[in-house]
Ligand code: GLU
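This document opens with one chain alone, in C-alpha cells, the form predicted alone.
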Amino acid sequence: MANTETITRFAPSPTGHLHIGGARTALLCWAQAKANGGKFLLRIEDTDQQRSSQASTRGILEDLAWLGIDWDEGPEMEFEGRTLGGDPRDVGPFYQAQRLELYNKSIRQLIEEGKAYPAFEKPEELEAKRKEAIAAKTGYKYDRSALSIPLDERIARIDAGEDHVVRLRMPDEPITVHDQILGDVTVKPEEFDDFIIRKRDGFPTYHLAVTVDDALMGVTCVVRGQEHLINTPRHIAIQQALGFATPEYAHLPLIFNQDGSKMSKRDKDKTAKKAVRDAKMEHSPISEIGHEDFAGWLRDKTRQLPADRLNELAGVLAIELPEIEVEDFRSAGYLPSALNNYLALLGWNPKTKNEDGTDLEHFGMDYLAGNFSFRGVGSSPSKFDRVKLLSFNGDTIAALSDEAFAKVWHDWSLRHDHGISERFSETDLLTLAPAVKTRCKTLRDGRKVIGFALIHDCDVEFDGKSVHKALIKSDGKGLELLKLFRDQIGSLEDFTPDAIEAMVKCFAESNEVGMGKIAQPVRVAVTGAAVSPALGQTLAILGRDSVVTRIDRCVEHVGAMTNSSNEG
C-alpha cells in the first residue's frame, strides 16, 4: 500500500556548521510536514569521506536542536531535556556511509537490466576527449563507448575488481519536473549526459544515494533550494529506472546578500581579506599561518583560511565577521525564535493580516506549523536583511519576562562569554534584566551595558567630560556630595536595588538636592561614565566593597586632577 502520510527530509553533508540557508530549508521542510500532520526526517549525507567529520555532524544536530527544528526520525540525540530522532518505521540507518550495501544493490540491478553500465576509461583518456571537444568548440558529453563492451563482459570485469565508474543510461525522452513552487520545468534529452552514479572509490554519487534513500525512507515531499533544480531530472531518471515513485518537489528561492551576491561561507573570508588590505598588513600576525601562506591566501580569491584561524585573525584586526552559519548567530546572541521567524519570511508570505490591516510578520513555530503552504512561497531570490533580523531579535528580547531574559542570557554566557558567567549568577543577571533587556538587540550587547562590572575596580577609566560635569563643576559640589554618600553607602547592610534606591532618595532629601545631583556623581565614580543601568541595579551588582573602592579611587582621581590644574 502506498504511503499517504507526508514525510519530508533534510539531508545535510557534515562538512561544517549549518549554513543559514540550510537552516531555512530545514525549517520549511519541518513546517511542511507539521502543516500536513506528517513526519520530518533527518539524514546525514556523509559519503564524502575526506570532508565529512563526526564533529561537523554533532554541530549540525546541535544547530537544528537549538533552533527547535526537532526531527521525528533520524539520529538519536538528547538536547536540553528533549529526545530527538529514532527509527520507529525501521528505515535507518540515517548515515549514508552505513547504507553502501543498499546503494550497491540498486546499482547492480541497474547494470544487470542494462539501465546503467560500468565505464573503464582512465581519467586521462576522458580528459583528452574533453580537450578535443573544447578545441572543436562543442559541448562535451560522454560518448557511451563503454556500451560497445558486451554486458556479460562488463559484469565480469567489475566482478574481477577492475577500476571503473558506473554511469546511468539516460532516457531519450524529455523529463518534466512538476514543482510545487516553480510549476512544470521540462528538460530535453539532448541536455542530458550519462552521469556517474558510482565513483572509482566505490562510493555512490550524491544523485544515486539521495534518490535511493528518499525512496526507501518513504519521503513523499522533497523541499530544497533552487540550486538543486538542475539535479532533479537526474533523480527522476533514477527513480524511473529503479521503479520508484516520484515524490513531490518544491525548490525554494535562493538567499542573497543585500548587494545581490549569493550568501556564502566565503563572505567571512572576503571580509577578512578586505580588512587586511585596508590595514596594509603584509605579514601574518598569527604564528600558525606562515608568511608565504598568508601572502598566497591574500592574493587568491578562491583560497580560504580555516575557520579557527579566520576567527583568530578577526580578533587581531578587531573586526566582526558576518554571521553566515547558525553557530555564528547563536554566538552573537540571537534567539532561535527570532531567527526562525525571520527565516520563514525569506520567500514565504503567510498571507495573514494583523488587526490593523498590516501584514503579519511576528509569529512563532506553532503558527508556522499550522499555516505553512507552498502557495505562499515565491520563486524570486530573497535578500537577507541583517538590519531587519536585528530588529526582530531586539523585539523578541524586549518581550521576554525579566526571568526568561535572565535565564537565556545566563545560558548564553555559559557557552559564549565566560567573563559574564564567571562573574554573575542567574540571580545577579535577573537584577540587571529590567535595565539591560531594553538596551540590547542581541545577548552579546548585554556585555556593553554591564561592561563596567566586568573590569577590576582598579581598572576603571574615568571619562574627563563626565567627571568635570558631575564632580568638578559648580565649585565641586558633586565631589562634596560623593564623599558624604560614600560614608553612608558603606554602612548600608541591605545592599539590594530597592534598598539602595531608597537610601539615595533619602540622601538627596536630607541634603536638599535633586536625585540627579547625587546619582550622576555616584554613577561616574563607579562606572567611569555618565550612563549606566538604574543606580540601584548598578550598585547592587557591583557589591558594597567594590562601590566603596571605586568611589575612593574617583575621589583620589579628582583630587589629582584639581591639584594638577591649580599647579598649572
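As the structure is a computational prediction, the values presented were derived from the model and not from experiment. In this text, residue numbers run from 1 along the sequence as written.
Form predicted in complex with the ligand: not shown, discussed below.
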Practice task
Heavy atoms, 4.5 Å, the ligand in the predicted complex: which of 182-190, 220-228, 464-472, 260-268 makes the cut? Say which one.
Solution key: 220-228
Handout entry: in the predicted complex, the residue from F203, F79, Y140, Y206 that sits within 4.5 Å of the ligand by heavy atoms
Key = Y206
Practice task
Note which of L346, I324, V210, L168 lies within 4.5 Å of the ligand in the predicted complex, where distance is taken over heavy atoms; exactly one does.
Solution key: V210
Exercise for the section: Indicate whether C554 is a 4.5 Å heavy atom neighbour of the ligand in the predicted complex. Expected result: no
Exercise for the section: Please run the contact check for A23 against the ligand in the predicted complex: heavy atoms, 4.5 angstroms, yes or no? Expected result: no
Problem - is_contact(V547, the ligand) in the predicted complex, heavy atom dist at most 4.5 Å - result: no
Practice task
May I ask you to state whether E501 is within 4.5 Å of the ligand in the predicted complex, using heavy atom distances?
Solution key: no
